[in-house]
Each structure stands twice: as C-alpha cells, then as structure tokens.
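Just the one chain here, laid out as structure tokens, in the form predicted on its own.
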C-alpha cells in the first residue's frame, strides 16, 4: 500500500513515504448545523480523525517529511512554532513512532488554555524544548544547533515544505474519490486555515491535478508576511516542481497570487489571539454537532464559513466544505495525570503563573 498519490503518478513512489494516519478521513454533512443556519449544504472533512495517536492536518505532511529524515539518516527533527504549536506536538508524537527525537524552538504567542496543555504534552512525550522568544531568536538558535549538532533534520513551521505539502495533494485526490463515489457532492468552496501555507498549497495543486472545480478559500490565521497570496502560490509551484522531478507525467501548472482566494479579515489582532467571531463559531459547532475546534486556527476558519453563509446573497445553497485541521484525540487524561509544569525547563515556567486549565485544580 502507498499514498493515493502514487496511483495517479507512479513515479512518485520513489519519494520516501510512511503510513502514519487513517485515510481516507470521513466527509459528512453537518445536518444539525444546517438546520440551525437555514443552509442545508454544509459539509466537513474530518481530518481531526486522521490518526488514533494525534490527528489533524499535520499527519498527512509528516507521512512525507519524517521518512525523508530517516532516509537521510537523521536522528533529530528540529522545528519551531508558537509555545502552543499543534505542529510541534504532532511532530513529537509521530516522530516517536518512527524512532525520531524532536527539538522544538518555541516563540511567544498569546497565552491560552491550549498553550498550557500543549506545553505539558511536549514534556510528557519527551520533546527537547528551547525557548526562542521570537522568530529572530528561533532563526539564530536553529543556526547554532545546525553548526554544533549532527543528525538534525530541519522541518519548517507547520511542516509546510514542498515535500510536506504532498500530503495535501494526495488529500485532494482522496476528496475527488469521495465525490466520485457519492459520499459528498463536489464543494463549490472549500474553507481551510491558511497558516504556514502547506495545506492550502497542496490542495491547490491536488485539486488542479485531480480535476476538481472547487475554489480553495484560505482563511488567514497567521502573520500576513507569512500567509499571503504570493507566498502560497510560490509554495504551490515548488510542489509541482518536486513532483515533476520524480514523474514527468505531472503536467506543468503554475500559480500566481491572483489565483489565490484568501480571506484576511478573520485573523484578529495577532497569531493565536482569540477573536469574538472565532469564539462564536466554536460554540455553534460544538452545540449543534459536538465538534471541538481551537481558537488559533479552526475556529477562525469556521467563522469565515459562517460569515459567508450569513451574507451571501443568492442563497443558492451550493455545497460548502469545512476542512477540519484540528486534532480530536483526547489527551486530557495525560494532562490530568502529569501536570507538574516545574518539570519543564525554567524558561517556560512563566507561562504557568496562573492556571488556565479548568480540569486541573
């Protein structure tokens, strides 16, 4: 067995790959939500169920990036993100499965319950933690580690390299198969978080190659200088170049910033800063469908879909797809059992000056 992508382009079988997830992930209609909103054609792609260990969108990327590290005989995955990075946690958990250690360079983000939870989980799963404060600090520390250590494999934030994005090229082919078998109608719009760009870039390439007519709507949840139209198009082009390196049957397709459909109005004041729209969106989908979102990525993305439903004028009820990139594996038992933050490096103790985790006394 291999990635669904290898069926379309057999030459890609030479790209290192390991199965880490449960694919295809389900696609289903949000019936209760549709009745609540008076819009009967809202669907969800449940990538939150992509793994029994830790789900979300990172699993698809790690299936291509972690095996590349193994092939290059690297022992340590080095990556960075906010102090509550989901990407970092996914890398630690799935890296452990393949015998890889993980070094996380962590930068400041607004302090939330989720941040404290993930810091405790980093500790539990054995990540090596380095507080870098900001992006400049992370760059400097990553250079130092490269110069002073061996066997380090650098993984960009969010796992969003051209290689990682192949996971979402495959995801588009997976969705096309679900459309062809009648599991879901072809969406007119697919709403997805735009953070480190890899998910949207992969879906753009995959949709074009698989013959999907859906418009990929990126909802920016990160800094504009990272998540923008031009940068996303550039990454998509690099994905195509990588694929053609292995299989010349991949057609030459090119993207530019004008091809991107990006919404910038739902990010809020800063990366990781909760928004009122996001909180409302999180509550609505929790109450109607018992689906849990996070305030940094998926709640803001779903808020954009809600805004579309409430403001679009023709009321044509075209199929809308929300791509859930969050993780739904419940790790709270671990946190309840192991919540001594003092086991973390001292530089992280300040994030626990007051307890924000409601189920810990």
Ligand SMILES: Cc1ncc(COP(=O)(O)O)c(C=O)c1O
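Numbering follows the first chain given and starts at 1. For clarity, every value in this text was computed on a predicted model and none was experimentally measured.
Keep in mind that the form predicted in complex with this ligand is missing from the display, and what follows is about it.
- The closest non-hydrogen atom of residue 300 lies beyond 4.5 Å of this ligand in the predicted bound form.
- Residue contact check for residue 61: one or more of its heavy atoms lie within 4.5 Å of this ligand in the predicted bound form.
- Proximity of residue 325 to this ligand in the predicted bound form: non-hydrogen atoms within 4.5 Å are present.
- Put simply, residue 197 is close to this ligand in the predicted bound form: some heavy atom of it is within 4.5 Å.
- This chain is drawn without this ligand; in the predicted bound form, the residue among 204, 170, 193, 92 with a heavy atom within 4.5 Å of it is 193.
- Across the options 26-34, 325-333, 40-48, 64-72, residues that bring heavy atoms within 4.5 Å of this ligand in the predicted bound form belong to 325-333.
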